[in-house]
Ligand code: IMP
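Just one chain follows, in the form predicted alone, and it is written as structure tokens.
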Amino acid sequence: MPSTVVVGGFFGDEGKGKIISYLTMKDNPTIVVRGGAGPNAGHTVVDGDKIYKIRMLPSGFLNKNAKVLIGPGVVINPEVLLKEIKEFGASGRAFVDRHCGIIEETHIQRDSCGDLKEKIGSTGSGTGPANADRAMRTLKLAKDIPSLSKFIVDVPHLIHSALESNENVLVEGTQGTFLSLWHGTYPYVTSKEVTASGICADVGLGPTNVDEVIVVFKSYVTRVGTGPMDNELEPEDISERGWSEFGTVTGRPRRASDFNFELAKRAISLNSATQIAITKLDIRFPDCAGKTLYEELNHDAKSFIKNIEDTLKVPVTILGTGPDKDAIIDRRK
């Protein structure tokens, strides 16, 4: 039953979209299924000269042989979802569970004012208020929405049918470990549990059916919006290092700090990680840009990777060396 779960190890923005899109093409899973909070999480996929910014569909949509599913634990904005299905050519293979919650205009309005926006730094997508209504058992579900009728499936059933047939399933997490409602920097967190356990619950996958958990770390730490961040760099320092970035959904500048080993250790523990993926190695070590073989990396980059493996006691199996989905060093056996 080959299933792999991919989650973020810091505060989101780790480059999960790149890793997932690579794994989708390389491992050819039958199903790519997304858990997480909702359209407040953005993933970016670069395929040649095309750049996709995704808020609802799984990042694995590039593989036209794979079904791309959204698990019942996710709240969806039908307008955003239908737009992405059309724009990204996913018609006929994109589906949602009948129990997905529905974001309505009232949720977006509630999310765009008061403490959620001003204090917590919400994206204003309506995700938090929709998840709050779900907890109160008042939220509409996908099965109640006519425009979604042809996209409705039983996601857990499809996942388990695939696993019983020994087909690959790739489970896509959103946000990052320390934005988890339970394990993050509360109250500056998202509205869901987003570690590997929470993502699996979102899609209906039990713990004994998980083979691999890949935690994605960037070669440095970034965070969008408010909330604590150890050893945060000044904007001038961020720019000087070439680490300036902007959020996929909000466009806000990302705060940054150096790679945080203590946070990484806790993320490994909370997610029961079996593998580590490191992205943006080329930003930290420009000589590594575009490399696809580990032997081609310079001494400093190899030392950085070895330090991560020695400290965290988990193998670094995938390295991102550029924005394109194929700018990858794959060390898996």
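Keep in mind that what you see is a predicted model, and the values were worked out from it rather than measured. Numbers follow the displayed sequence, beginning with 1.
There is also a form predicted in complex with the named molecule; it is not shown, and the following applies to it.
Visitor: Are any of the heavy atoms in L179 no more than 4.5 Å from a heavy atom of the named molecule in the predicted bound form?
Guide: Result yes; L179 sits at the interface with the named molecule in the predicted bound form.
Visitor: Check whether I120 has any heavy atom within 4.5 Å of a heavy atom of the named molecule in the predicted bound form, and answer yes or no.
Guide: I120: yes, in contact with the named molecule in the predicted bound form.
Visitor: With the partner left out here, check for me: in the predicted bound form, does some heavy atom of N77 sit within 4.5 Å of the named molecule?
Guide: Although the named molecule is absent here, N77 would stay clear of it in the predicted bound form, with no heavy atoms inside 4.5 Å.
Visitor: Using a 4.5 Å heavy atom cut-off, state whether R252 contacts the named molecule in the predicted bound form.
Guide: Although the named molecule is absent here, R252 would touch it in the predicted bound form, with heavy atoms inside 4.5 Å.
Visitor: Name the stretch: of 299 to 307, 260 to 268, 36 to 44, 65 to 73, exactly one has residues whose heavy atoms fall within 4.5 Å of the named molecule in the predicted bound form.
Guide: Residues of 36 to 44 come within 4.5 Å of the partner.
Visitor: Looking in the predicted bound form, is the named molecule within 4.5 Å of a heavy atom from each of Q175, V189 and G225?
Guide: Result yes, every residue of the spot touches the named molecule.
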